[in-house]
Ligand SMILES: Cc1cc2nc3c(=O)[nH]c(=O)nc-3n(C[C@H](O)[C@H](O)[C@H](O)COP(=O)(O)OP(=O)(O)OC[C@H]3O[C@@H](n4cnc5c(N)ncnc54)[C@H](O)[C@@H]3O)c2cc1C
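Here's a solo chain for you in C-alpha cells, the form predicted on its own.
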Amino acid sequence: MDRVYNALKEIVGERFVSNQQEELYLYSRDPGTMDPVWPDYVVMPASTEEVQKIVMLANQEKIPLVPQGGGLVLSGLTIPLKGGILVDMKRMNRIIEVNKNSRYVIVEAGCSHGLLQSYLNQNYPDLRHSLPDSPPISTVGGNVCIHGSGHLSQVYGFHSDMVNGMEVVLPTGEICKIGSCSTSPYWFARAPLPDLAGLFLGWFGTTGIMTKISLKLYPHKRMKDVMLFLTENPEYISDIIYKVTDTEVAEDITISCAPKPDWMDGFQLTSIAIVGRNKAELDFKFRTIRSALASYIDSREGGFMYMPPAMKHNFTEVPLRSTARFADVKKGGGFEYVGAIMPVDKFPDAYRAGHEIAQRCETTYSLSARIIGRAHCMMFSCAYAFNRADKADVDRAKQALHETNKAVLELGGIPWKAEFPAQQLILERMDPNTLRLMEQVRKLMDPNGIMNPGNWEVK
C-alpha cells in the first residue's frame, strides 16, 4: 500500500494524492441510493501524461481505476465497486481552443459546464454549447461519457452526438486520438474515418479515460422566451410533441408532471423554449407553434398558460435551478432518478407507470421528459428524493428505482446511466451476440481488467 501511494505521489505531487479516511469517505458515495464503497487512494492528475503514468502503475500493480468527473452521476458509476484508485479529473479543466468559424471547442475532460459556459459568454458571445440541467460543476467528459442531454438536445441530439473527437488514455496506457484529430491538426469531425468513439461513449469509463474532447458549438441567439402548454390527458402528449417538432422552430421541449404544487397534480406541463435574434423572429415562432396546437385549444383539451414577465426567468434559465431544488426537497441530501430513453409515443404508459410505482412505494417523486432530436426519442425521468438519514426512506427509494427500471425495460425503453442493478437487468435482456461482443471488446482493450470493474459486467 505504501509503495502504490508513494508512486502516485511521485506522479502528481503530495498535494494531489490521498489515502486519508476523511477524504476517501467523500469519494466513496454519491447522492444516490447505492451503498458506499471506499477507494484505497484518490489522485488528481493535471495532464494527459500524468493520467498515462497512473494507468501504467495500475496495470503494474493490477489495481482498479475509476475515473470521476464532477461526482454528480447519482447512480454509483464512479463509486469504486472493487476499491482501487479513484482518478478525480477536475484539475484537467483547461479550455484549449475555440474555432469560431467551424464552431467547435477543445477542452480537457475535467472542464466543467459552468466554466465553459462562462468562458463562451465572455469571449465568444455568439457561440454556446448544450448545457445539462445539472449543477455547473458537472464536467464535459463525464456528461458525454454517459450519453448526456441538455437544452439543445431537441435540435441536436445527445451530448455524445455533439462530440467531434477525443483524446483517450487506453487501459494499457497508450494515448490515442479519435476522429479527425488523429490525422489532421483540426478537431472538426469524427467522419469520414472509421468511428471509434463508440468504444468509449456510454461505457462508463470501462474502456479508457478521456483526457481531451472536441465539442460542437452552436449559434447563440440572445432573445429567448418560453411557451407553457397545459393538458390533463397524457394520451395527447406524443401528438403535441409531433406537432411542435414539425414546426422546427422550438429550441427545447420538456414535459413536467408533479403532485406539487397542488395545481399541477394530474396535469402535464409542456415547456417550449424559443429563441431569436430579434422580437420579430420570436413573434413568428410564437405564432407558428400556437397555430400548430390550435386544434387542442379549439377543443379545449389544452391551452397556453399566461405568465407575467417576472415569472419567466424560472422557466428560461439554463440550467434550470428547479431541478436542483427538487433534489433536496426532503432536506436529507438524497436524490436519484431513472432516466428512461424510449420512444416518444410511450409517454402515456411511462406516465401511468411512474405514478403507480411512486404511490405503491410511498416515495416523493417527480415525472418529467426531455425531447431528444426531432422527437426521435425522449428521456423520461422518474425522480425520487429521499432523506439519507432515514433508512426506511432510502429503502423506499431503492424499491421505486428497481421497479422503475423493470417497468422501463418492459415498455421497450432503456434506463439511462444505469446503476449496477439496472445494468444487470439490461444485460439480461441484451442480444447474446451483442453481449458477447461487449465482453470481447473489454477483454481486448483492458486485458488486466482494471478499468472501473463491476460496471457493464455479467454478474
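Note that this is a predicted model, so its numbers are computed, not measured. Numbers follow the displayed sequence, beginning with 1.
From this point on, the text means the form predicted together with the ligand, which you will not see here.
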Students should find that, of Ile178, Ile371, Ile85, Ile209, the residue having a non-hydrogen atom no more than 4.5 angstroms from the ligand in the predicted bound form is Ile209
Though the ligand is not shown, can you say which of Cys145, Ile255, Val163, Val338 has a heavy atom within 4.5 Å of it in the predicted bound form?
Cys145
Interface segment, criterion being heavy atoms within 4.5 Å of the ligand in the predicted bound form, picked from 413-421, 40-48, 429-437, 393-401:
413-421
Give a yes or no on whether every one of Gln154, Tyr242 and Pro348 sits within 4.5 angstroms of the ligand in the predicted bound form by heavy atom.
no
Ile272 versus the ligand, in the predicted bound form: is there a non-hydrogen atom within 4.5 Å?
no
Any non-hydrogen atom of Val73 within 4.5 angstroms of the ligand in the predicted bound form
yes
With the partner left out here, check for me: in the predicted bound form, does some heavy atom of Gly276 sit within 4.5 Å of the ligand?
no
At the 4.5 Å heavy atom threshold, is Cys382 in contact with the ligand in the predicted bound form?
no
Heavy atom within 4.5 Å of the ligand in the predicted bound form - qualifying residues of 114-133
Pro132, Asp133
